[in-house]
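First, one chain by itself: the form predicted alone, in C-alpha coordinates.
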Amino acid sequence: MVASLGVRFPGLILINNFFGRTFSRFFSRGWKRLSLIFLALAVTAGALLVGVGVRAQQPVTISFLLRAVEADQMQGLAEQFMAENPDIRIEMVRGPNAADAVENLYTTSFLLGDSPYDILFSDVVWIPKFAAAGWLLDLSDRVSEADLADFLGADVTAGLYQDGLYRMPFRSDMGMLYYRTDLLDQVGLDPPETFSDLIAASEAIQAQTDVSWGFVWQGLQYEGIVTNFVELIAGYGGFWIDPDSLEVGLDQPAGIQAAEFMKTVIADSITPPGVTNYVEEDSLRQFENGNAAFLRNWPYVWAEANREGSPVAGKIALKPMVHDEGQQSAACLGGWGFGISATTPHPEEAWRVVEFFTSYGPMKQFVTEFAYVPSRRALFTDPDVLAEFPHFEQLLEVAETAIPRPPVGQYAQVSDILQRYLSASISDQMTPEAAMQAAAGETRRVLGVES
(Lines give C-alpha, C1' and ligand atoms only; values in the text may rest on other atoms or scores of the structure.)
Protein backbone atom coordinates (compact mmCIF):
# COMPACT_ATOMS: atom_id res chain seq x y z
CA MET A 1 0.00 0.00 0.00
CA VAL A 2 2.78 2.44 0.94
CA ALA A 3 4.63 1.61 -2.26
CA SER A 4 1.54 2.36 -4.35
CA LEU A 5 1.09 5.67 -2.58
CA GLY A 6 4.64 6.54 -3.54
CA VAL A 7 3.56 6.73 -7.18
CA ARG A 8 1.45 9.80 -6.33
CA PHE A 9 3.62 11.11 -3.48
CA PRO A 10 7.33 10.55 -4.31
CA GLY A 11 8.40 11.82 -0.89
CA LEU A 12 6.73 8.76 0.61
CA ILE A 13 9.22 6.50 -1.20
CA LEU A 14 12.08 8.05 0.79
CA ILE A 15 10.26 7.47 4.07
CA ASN A 16 9.40 3.92 3.00
CA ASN A 17 13.01 3.19 2.06
CA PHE A 18 14.33 4.68 5.27
CA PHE A 19 11.97 2.81 7.56
CA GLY A 20 12.32 -0.36 5.46
CA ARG A 21 16.08 -0.43 5.94
CA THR A 22 15.66 0.30 9.63
CA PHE A 23 13.10 -2.50 9.95
CA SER A 24 15.48 -5.01 8.31
CA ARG A 25 18.38 -4.00 10.52
CA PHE A 26 16.36 -4.34 13.72
CA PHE A 27 14.65 -7.51 12.54
CA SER A 28 18.05 -9.16 11.91
CA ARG A 29 19.01 -8.34 15.48
CA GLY A 30 15.80 -9.81 16.81
CA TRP A 31 14.24 -6.46 17.79
CA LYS A 32 10.88 -7.38 16.38
CA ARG A 33 8.80 -5.30 18.78
CA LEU A 34 10.78 -2.09 18.18
CA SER A 35 10.77 -2.62 14.43
CA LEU A 36 6.96 -2.82 14.47
CA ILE A 37 6.88 0.59 16.17
CA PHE A 38 9.00 2.04 13.38
CA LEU A 39 6.73 0.49 10.80
CA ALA A 40 3.71 2.09 12.48
CA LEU A 41 5.48 5.44 12.37
CA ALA A 42 6.12 4.98 8.66
CA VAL A 43 2.47 4.29 7.94
CA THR A 44 1.44 7.31 10.05
CA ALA A 45 3.87 9.60 8.21
CA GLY A 46 2.55 8.30 4.91
CA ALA A 47 -1.00 9.00 5.95
CA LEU A 48 -0.06 12.54 6.89
CA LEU A 49 1.49 13.08 3.48
CA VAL A 50 -1.63 11.70 1.83
CA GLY A 51 -3.71 14.20 3.83
CA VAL A 52 -1.48 17.07 2.76
CA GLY A 53 -1.79 15.97 -0.86
CA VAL A 54 -5.57 15.75 -0.67
CA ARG A 55 -5.81 19.21 0.87
CA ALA A 56 -3.52 20.58 -1.83
CA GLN A 57 -5.97 19.35 -4.45
CA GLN A 58 -9.01 21.04 -2.87
CA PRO A 59 -10.41 23.84 -5.06
CA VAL A 60 -9.95 27.44 -4.00
CA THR A 61 -13.23 29.03 -2.90
CA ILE A 62 -14.03 32.51 -4.22
CA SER A 63 -16.98 34.11 -2.48
CA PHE A 64 -19.07 37.23 -2.95
CA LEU A 65 -22.28 38.66 -1.54
CA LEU A 66 -25.20 39.67 -3.72
CA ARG A 67 -28.94 40.15 -3.64
CA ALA A 68 -30.80 36.85 -3.45
CA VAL A 69 -32.65 37.42 -6.72
CA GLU A 70 -29.36 37.98 -8.54
CA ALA A 71 -27.77 34.92 -6.96
CA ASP A 72 -30.57 32.80 -8.40
CA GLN A 73 -30.10 34.36 -11.84
CA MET A 74 -26.31 33.99 -11.83
CA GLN A 75 -26.24 30.40 -10.58
CA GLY A 76 -26.12 28.97 -14.09
CA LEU A 77 -23.04 31.00 -15.02
CA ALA A 78 -21.35 30.05 -11.75
CA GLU A 79 -21.92 26.35 -12.46
CA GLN A 80 -20.59 26.77 -15.99
CA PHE A 81 -17.43 28.43 -14.68
CA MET A 82 -16.82 25.72 -12.08
CA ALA A 83 -17.27 22.99 -14.70
CA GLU A 84 -14.60 24.67 -16.83
CA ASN A 85 -12.37 25.53 -13.85
CA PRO A 86 -12.45 22.63 -11.37
CA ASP A 87 -9.70 24.25 -9.29
CA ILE A 88 -12.02 27.10 -8.27
CA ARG A 89 -15.32 26.96 -6.41
CA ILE A 90 -17.67 29.97 -6.50
CA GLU A 91 -19.65 30.66 -3.35
CA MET A 92 -22.44 33.19 -3.84
CA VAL A 93 -23.76 34.41 -0.50
CA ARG A 94 -27.42 35.38 -0.76
CA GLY A 95 -28.18 38.73 0.84
CA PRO A 96 -31.30 40.89 1.10
CA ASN A 97 -32.84 42.19 -2.12
CA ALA A 98 -32.40 45.83 -1.07
CA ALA A 99 -29.15 47.13 -2.57
CA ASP A 100 -28.55 49.49 0.36
CA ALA A 101 -28.71 46.56 2.77
CA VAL A 102 -26.16 44.62 0.73
CA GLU A 103 -23.84 47.63 0.72
CA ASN A 104 -24.09 47.87 4.49
CA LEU A 105 -23.19 44.20 4.87
CA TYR A 106 -20.12 44.63 2.67
CA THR A 107 -19.12 47.76 4.59
CA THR A 108 -19.44 45.98 7.93
CA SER A 109 -17.37 43.03 6.71
CA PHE A 110 -14.53 45.34 5.68
CA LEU A 111 -14.69 47.44 8.84
CA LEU A 112 -14.37 44.32 10.99
CA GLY A 113 -11.06 43.41 9.36
CA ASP A 114 -10.30 40.90 6.63
CA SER A 115 -13.52 40.60 4.67
CA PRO A 116 -14.74 37.04 4.06
CA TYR A 117 -15.59 38.09 0.51
CA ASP A 118 -12.99 37.78 -2.23
CA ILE A 119 -15.07 39.74 -4.73
CA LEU A 120 -17.30 42.78 -4.40
CA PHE A 121 -20.41 42.61 -6.60
CA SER A 122 -20.98 46.32 -6.72
CA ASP A 123 -23.56 48.90 -7.67
CA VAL A 124 -22.00 51.77 -9.63
CA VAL A 125 -22.24 54.22 -6.72
CA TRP A 126 -20.28 52.10 -4.24
CA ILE A 127 -16.89 52.21 -5.94
CA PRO A 128 -15.62 55.63 -4.76
CA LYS A 129 -16.40 54.80 -1.13
CA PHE A 130 -14.82 51.33 -1.21
CA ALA A 131 -11.81 52.39 -3.26
CA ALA A 132 -11.14 55.46 -1.09
CA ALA A 133 -11.15 53.22 1.99
CA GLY A 134 -8.51 50.97 0.44
CA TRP A 135 -10.80 47.95 0.39
CA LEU A 136 -10.41 47.12 -3.32
CA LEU A 137 -7.56 46.12 -5.62
CA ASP A 138 -6.65 48.33 -8.56
CA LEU A 139 -7.37 46.27 -11.68
CA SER A 140 -5.64 48.61 -14.13
CA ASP A 141 -2.74 46.27 -14.82
CA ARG A 142 -5.07 43.35 -15.58
CA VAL A 143 -7.01 44.80 -18.50
CA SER A 144 -5.90 46.79 -21.55
CA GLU A 145 -7.35 50.02 -22.88
CA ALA A 146 -8.40 48.12 -26.00
CA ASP A 147 -10.37 45.64 -23.91
CA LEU A 148 -12.05 48.41 -21.94
CA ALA A 149 -13.07 50.11 -25.18
CA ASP A 150 -15.48 47.23 -25.82
CA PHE A 151 -17.58 48.34 -22.84
CA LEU A 152 -19.90 51.33 -22.60
CA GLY A 153 -17.82 54.36 -21.74
CA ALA A 154 -19.99 55.40 -18.80
CA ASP A 155 -19.78 51.89 -17.33
CA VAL A 156 -15.98 52.01 -17.40
CA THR A 157 -15.90 55.53 -15.95
CA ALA A 158 -18.07 54.36 -13.05
CA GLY A 159 -15.30 51.93 -12.07
CA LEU A 160 -12.58 54.58 -11.95
CA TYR A 161 -11.33 56.32 -8.84
CA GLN A 162 -8.27 58.59 -8.80
CA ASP A 163 -6.82 57.02 -11.96
CA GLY A 164 -7.33 53.46 -10.74
CA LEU A 165 -9.81 50.91 -12.10
CA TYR A 166 -11.69 49.14 -9.31
CA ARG A 167 -14.70 47.62 -11.06
CA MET A 168 -15.26 45.60 -14.23
CA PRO A 169 -18.74 46.17 -15.73
CA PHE A 170 -21.17 43.26 -15.89
CA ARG A 171 -24.60 44.71 -16.56
CA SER A 172 -25.67 48.25 -17.19
CA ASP A 173 -28.72 50.33 -16.37
CA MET A 174 -29.84 53.79 -17.39
CA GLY A 175 -32.85 55.99 -16.90
CA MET A 176 -35.11 56.52 -19.90
CA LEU A 177 -38.46 57.90 -20.92
CA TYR A 178 -41.27 55.51 -21.84
CA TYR A 179 -44.32 56.81 -23.66
CA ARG A 180 -47.66 55.65 -24.99
CA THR A 181 -47.56 55.68 -28.79
CA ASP A 182 -51.34 55.26 -29.09
CA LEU A 183 -52.04 58.32 -26.96
CA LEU A 184 -49.63 60.53 -28.86
CA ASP A 185 -51.24 59.39 -32.13
CA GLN A 186 -54.66 60.18 -30.69
CA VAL A 187 -53.74 63.80 -29.89
CA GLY A 188 -51.59 64.21 -32.99
CA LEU A 189 -48.23 64.88 -31.29
CA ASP A 190 -44.69 63.62 -31.77
CA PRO A 191 -42.68 62.16 -28.88
CA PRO A 192 -41.41 65.04 -26.70
CA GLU A 193 -37.84 66.26 -26.91
CA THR A 194 -37.85 69.06 -24.35
CA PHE A 195 -39.29 69.64 -20.89
CA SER A 196 -41.83 72.01 -22.44
CA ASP A 197 -42.82 69.36 -24.99
CA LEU A 198 -43.38 66.83 -22.20
CA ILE A 199 -45.62 69.18 -20.24
CA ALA A 200 -47.59 70.20 -23.33
CA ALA A 201 -48.12 66.60 -24.45
CA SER A 202 -49.14 65.55 -20.94
CA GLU A 203 -51.71 68.32 -20.70
CA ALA A 204 -53.13 67.51 -24.16
CA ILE A 205 -53.47 63.80 -23.33
CA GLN A 206 -55.07 64.54 -19.96
CA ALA A 207 -57.55 66.91 -21.60
CA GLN A 208 -58.45 64.78 -24.63
CA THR A 209 -58.37 61.22 -23.28
CA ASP A 210 -59.43 59.35 -20.16
CA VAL A 211 -55.84 59.00 -18.93
CA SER A 212 -55.48 60.60 -15.52
CA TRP A 213 -51.80 61.48 -15.36
CA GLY A 214 -49.25 62.83 -17.77
CA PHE A 215 -45.88 61.94 -16.27
CA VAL A 216 -44.91 59.54 -13.46
CA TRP A 217 -41.50 59.08 -11.82
CA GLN A 218 -39.89 58.21 -8.47
CA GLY A 219 -40.16 60.78 -5.68
CA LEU A 220 -39.73 58.91 -2.40
CA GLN A 221 -36.82 60.05 -0.24
CA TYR A 222 -34.33 57.39 -1.38
CA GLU A 223 -31.69 56.94 -4.07
CA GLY A 224 -34.38 56.88 -6.76
CA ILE A 225 -35.21 60.57 -6.38
CA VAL A 226 -31.51 61.32 -6.83
CA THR A 227 -31.33 59.42 -10.13
CA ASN A 228 -34.32 61.41 -11.43
CA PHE A 229 -32.69 64.68 -10.37
CA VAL A 230 -29.36 63.78 -12.01
CA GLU A 231 -31.12 63.54 -15.37
CA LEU A 232 -33.02 66.78 -14.85
CA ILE A 233 -30.07 68.90 -13.74
CA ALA A 234 -27.97 67.62 -16.64
CA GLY A 235 -30.90 68.25 -18.99
CA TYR A 236 -30.86 71.89 -17.88
CA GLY A 237 -27.12 72.05 -18.59
CA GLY A 238 -25.93 71.78 -15.01
CA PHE A 239 -24.18 69.34 -12.69
CA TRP A 240 -24.39 68.08 -9.13
CA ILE A 241 -20.71 67.77 -8.13
CA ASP A 242 -17.63 68.12 -10.32
CA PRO A 243 -15.48 65.18 -9.16
CA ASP A 244 -12.22 66.89 -10.18
CA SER A 245 -12.69 70.31 -8.60
CA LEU A 246 -15.40 69.29 -6.07
CA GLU A 247 -17.40 72.31 -7.20
CA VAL A 248 -21.08 71.95 -6.24
CA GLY A 249 -23.73 73.01 -8.76
CA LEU A 250 -26.94 72.47 -6.81
CA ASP A 251 -27.54 76.15 -6.09
CA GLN A 252 -26.70 77.28 -9.61
CA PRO A 253 -29.58 78.04 -12.05
CA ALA A 254 -29.75 74.52 -13.52
CA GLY A 255 -30.01 72.92 -10.08
CA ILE A 256 -32.82 75.20 -9.02
CA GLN A 257 -34.62 74.69 -12.36
CA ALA A 258 -34.42 70.91 -11.93
CA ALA A 259 -35.93 71.09 -8.44
CA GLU A 260 -38.61 73.51 -9.69
CA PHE A 261 -39.56 71.10 -12.50
CA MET A 262 -40.15 68.31 -9.97
CA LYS A 263 -42.35 70.53 -7.85
CA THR A 264 -44.21 72.13 -10.78
CA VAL A 265 -45.39 68.88 -12.40
CA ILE A 266 -46.89 67.86 -9.05
CA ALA A 267 -48.47 71.26 -8.40
CA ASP A 268 -49.98 71.35 -11.92
CA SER A 269 -51.42 67.81 -11.54
CA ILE A 270 -49.34 66.44 -14.41
CA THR A 271 -47.81 64.08 -11.87
CA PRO A 272 -49.95 62.46 -9.12
CA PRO A 273 -49.38 63.89 -5.63
CA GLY A 274 -48.59 60.38 -4.39
CA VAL A 275 -45.32 60.47 -6.35
CA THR A 276 -43.65 61.68 -3.14
CA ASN A 277 -43.98 58.06 -1.99
CA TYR A 278 -43.23 56.33 -5.30
CA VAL A 279 -40.41 53.89 -5.93
CA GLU A 280 -39.86 52.25 -9.33
CA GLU A 281 -42.63 49.67 -8.97
CA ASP A 282 -45.22 52.27 -7.95
CA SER A 283 -44.62 54.42 -11.00
CA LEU A 284 -44.51 51.35 -13.25
CA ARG A 285 -47.87 50.21 -11.90
CA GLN A 286 -49.50 53.53 -12.85
CA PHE A 287 -48.02 53.36 -16.34
CA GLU A 288 -48.71 49.71 -17.16
CA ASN A 289 -52.26 49.97 -15.85
CA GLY A 290 -52.89 52.67 -18.43
CA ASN A 291 -53.12 55.57 -15.98
CA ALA A 292 -50.18 57.64 -17.27
CA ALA A 293 -48.84 58.74 -20.64
CA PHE A 294 -45.13 59.06 -19.78
CA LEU A 295 -42.85 57.23 -17.37
CA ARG A 296 -39.26 57.77 -16.31
CA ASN A 297 -37.80 54.40 -15.24
CA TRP A 298 -35.15 51.74 -15.97
CA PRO A 299 -34.84 49.21 -18.84
CA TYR A 300 -36.51 46.35 -16.96
CA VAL A 301 -39.84 48.11 -17.56
CA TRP A 302 -39.90 47.12 -21.22
CA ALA A 303 -40.35 43.40 -20.60
CA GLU A 304 -42.73 43.99 -17.70
CA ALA A 305 -45.00 46.48 -19.49
CA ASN A 306 -45.12 44.31 -22.62
CA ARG A 307 -45.87 41.06 -20.83
CA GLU A 308 -48.94 39.09 -21.83
CA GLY A 309 -52.05 40.62 -20.31
CA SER A 310 -50.55 44.09 -19.79
CA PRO A 311 -53.04 46.82 -20.79
CA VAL A 312 -50.27 48.75 -22.57
CA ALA A 313 -48.51 45.84 -24.30
CA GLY A 314 -47.54 46.81 -27.83
CA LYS A 315 -48.50 50.44 -27.25
CA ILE A 316 -45.28 51.79 -25.79
CA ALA A 317 -41.93 53.04 -26.98
CA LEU A 318 -38.85 54.46 -25.30
CA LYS A 319 -36.42 57.29 -25.89
CA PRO A 320 -33.77 59.35 -24.09
CA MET A 321 -35.01 61.65 -21.36
CA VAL A 322 -36.24 65.11 -22.33
CA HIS A 323 -34.05 68.19 -21.84
CA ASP A 324 -34.14 71.98 -22.00
CA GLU A 325 -33.94 73.90 -25.27
CA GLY A 326 -30.38 73.92 -26.53
CA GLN A 327 -29.20 71.26 -24.05
CA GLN A 328 -28.53 67.53 -24.30
CA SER A 329 -30.44 64.56 -22.97
CA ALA A 330 -28.96 62.66 -20.03
CA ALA A 331 -29.59 59.21 -18.58
CA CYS A 332 -28.49 58.47 -15.04
CA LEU A 333 -26.19 55.47 -15.05
CA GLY A 334 -27.00 52.43 -12.97
CA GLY A 335 -25.74 48.88 -13.14
CA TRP A 336 -23.51 46.32 -11.45
CA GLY A 337 -20.00 44.97 -11.80
CA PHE A 338 -17.15 43.14 -10.07
CA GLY A 339 -14.31 44.40 -7.91
CA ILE A 340 -11.72 42.36 -6.02
CA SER A 341 -11.20 42.64 -2.27
CA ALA A 342 -7.82 43.99 -1.21
CA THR A 343 -7.68 41.34 1.51
CA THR A 344 -8.44 38.27 -0.59
CA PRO A 345 -5.79 35.56 -0.26
CA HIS A 346 -6.61 34.47 -3.82
CA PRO A 347 -6.39 37.52 -6.14
CA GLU A 348 -5.47 35.50 -9.24
CA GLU A 349 -8.37 33.08 -8.85
CA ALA A 350 -10.72 35.99 -8.08
CA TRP A 351 -9.64 37.70 -11.30
CA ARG A 352 -10.37 34.55 -13.29
CA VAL A 353 -13.94 34.64 -11.94
CA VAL A 354 -14.32 38.33 -12.77
CA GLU A 355 -12.85 37.83 -16.23
CA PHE A 356 -15.31 35.02 -16.95
CA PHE A 357 -18.46 36.84 -15.86
CA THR A 358 -17.57 40.00 -17.76
CA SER A 359 -16.55 38.26 -21.00
CA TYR A 360 -18.71 38.35 -24.11
CA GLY A 361 -20.22 34.84 -24.07
CA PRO A 362 -21.37 34.68 -20.42
CA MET A 363 -22.66 38.26 -20.55
CA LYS A 364 -24.63 37.49 -23.71
CA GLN A 365 -26.08 34.38 -22.10
CA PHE A 366 -27.12 36.33 -18.99
CA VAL A 367 -28.61 39.25 -20.90
CA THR A 368 -30.57 37.03 -23.28
CA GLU A 369 -32.01 34.94 -20.47
CA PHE A 370 -32.89 37.68 -17.99
CA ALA A 371 -33.44 40.81 -20.18
CA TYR A 372 -30.81 42.93 -18.42
CA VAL A 373 -28.87 45.61 -20.26
CA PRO A 374 -25.35 44.51 -21.24
CA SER A 375 -22.21 46.49 -20.52
CA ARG A 376 -20.50 45.40 -23.74
CA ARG A 377 -21.45 47.72 -26.58
CA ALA A 378 -21.47 45.00 -29.27
CA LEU A 379 -24.23 43.07 -27.50
CA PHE A 380 -26.72 45.85 -28.27
CA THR A 381 -26.51 44.89 -31.94
CA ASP A 382 -25.80 41.17 -31.60
CA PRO A 383 -28.30 39.35 -33.89
CA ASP A 384 -29.20 36.79 -31.24
CA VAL A 385 -29.84 39.48 -28.64
CA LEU A 386 -31.88 41.57 -31.08
CA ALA A 387 -33.97 38.53 -31.95
CA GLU A 388 -35.09 38.49 -28.32
CA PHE A 389 -35.06 42.24 -27.65
CA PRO A 390 -35.42 44.32 -30.81
CA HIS A 391 -35.67 47.53 -28.76
CA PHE A 392 -32.00 47.19 -27.74
CA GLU A 393 -30.95 49.21 -30.78
CA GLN A 394 -32.96 52.11 -29.36
CA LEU A 395 -31.56 51.36 -25.94
CA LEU A 396 -28.02 51.89 -27.20
CA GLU A 397 -28.90 55.50 -27.98
CA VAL A 398 -29.96 55.96 -24.37
CA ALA A 399 -26.92 54.09 -23.06
CA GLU A 400 -24.55 56.41 -24.89
CA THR A 401 -26.03 59.40 -23.02
CA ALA A 402 -25.63 57.81 -19.58
CA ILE A 403 -23.80 59.80 -16.93
CA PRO A 404 -22.57 58.45 -13.60
CA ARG A 405 -23.38 59.95 -10.26
CA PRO A 406 -20.39 61.88 -8.87
CA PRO A 407 -17.55 59.48 -8.02
CA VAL A 408 -16.58 60.97 -4.66
CA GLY A 409 -15.61 59.04 -1.58
CA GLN A 410 -18.35 60.76 0.43
CA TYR A 411 -21.08 59.72 -2.00
CA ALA A 412 -23.34 58.17 0.64
CA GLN A 413 -23.39 61.43 2.66
CA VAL A 414 -23.94 63.77 -0.30
CA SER A 415 -26.71 61.55 -1.67
CA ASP A 416 -28.48 61.62 1.71
CA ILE A 417 -28.28 65.41 1.75
CA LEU A 418 -29.77 65.73 -1.74
CA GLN A 419 -32.53 63.23 -0.98
CA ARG A 420 -33.61 65.13 2.12
CA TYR A 421 -33.78 68.53 0.49
CA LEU A 422 -35.45 67.34 -2.70
CA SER A 423 -38.07 65.63 -0.56
CA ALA A 424 -38.57 68.83 1.42
CA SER A 425 -39.03 70.78 -1.81
CA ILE A 426 -41.57 68.52 -3.52
CA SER A 427 -43.59 68.16 -0.31
CA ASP A 428 -43.91 71.96 0.11
CA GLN A 429 -41.70 72.20 3.20
CA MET A 430 -39.21 74.45 1.39
CA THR A 431 -39.04 76.36 -1.86
CA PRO A 432 -36.87 74.75 -4.55
CA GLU A 433 -34.39 77.63 -4.34
CA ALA A 434 -34.07 77.46 -0.55
CA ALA A 435 -33.79 73.66 -0.66
CA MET A 436 -31.00 73.71 -3.23
CA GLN A 437 -29.10 76.45 -1.42
CA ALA A 438 -29.25 74.48 1.83
CA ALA A 439 -28.29 71.23 0.07
CA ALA A 440 -25.35 72.92 -1.65
CA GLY A 441 -24.06 74.35 1.65
CA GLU A 442 -24.21 71.02 3.46
CA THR A 443 -22.62 69.23 0.51
CA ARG A 444 -19.69 71.64 0.46
CA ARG A 445 -19.12 71.12 4.18
CA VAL A 446 -19.06 67.33 3.72
CA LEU A 447 -16.62 67.67 0.82
CA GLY A 448 -14.47 70.13 2.79
CA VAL A 449 -14.62 72.91 0.19
CA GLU A 450 -15.21 76.63 0.63
CA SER A 451 -18.79 77.93 0.41
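Residues carry their position along the shown sequence, with the first being 1. None of these values were measured; they are calculated from a predicted model.
Not pictured, yet referred to below: the form predicted in complex with ligand GLC.
- Of the heavy atoms in residue 118, none are within 4.5 Å of ligand GLC in the predicted complex.
- Interface residue remark: residue 231 is not counted as part of the site for ligand GLC in the predicted complex, having no heavy atom within 4.5 Å.
- Contact annotation for residue 124: at least one heavy atom lies within 4.5 Å of ligand GLC in the predicted complex.
- Although the partner is absent here, residue 99 lies within 4.5 Å of ligand GLC in the predicted complex, judged by heavy atoms.
- Note on the interface: of 81 to 89, 307 to 315, 331 to 339, 376 to 384, the segment with non-hydrogen atoms within 4.5 angstroms of ligand GLC in the predicted complex is 331 to 339.
- Site residues 171, 222 and 227 are all in contact with ligand GLC in the predicted complex, judged by any heavy atom within 4.5 Å.
- 280 is the sole member of 288, 251, 349, 280 with a non-hydrogen atom within 4.5 Å of ligand GLC in the predicted complex.
- Checking 366, 236, 298, 356 against ligand GLC in the predicted complex, a heavy atom within 4.5 Å turns up for just one residue: 298.
- Shown here without ligand GLC, the chain has no residue in 364 to 401 lying with a heavy atom within 4.5 Å of that partner in the predicted complex.
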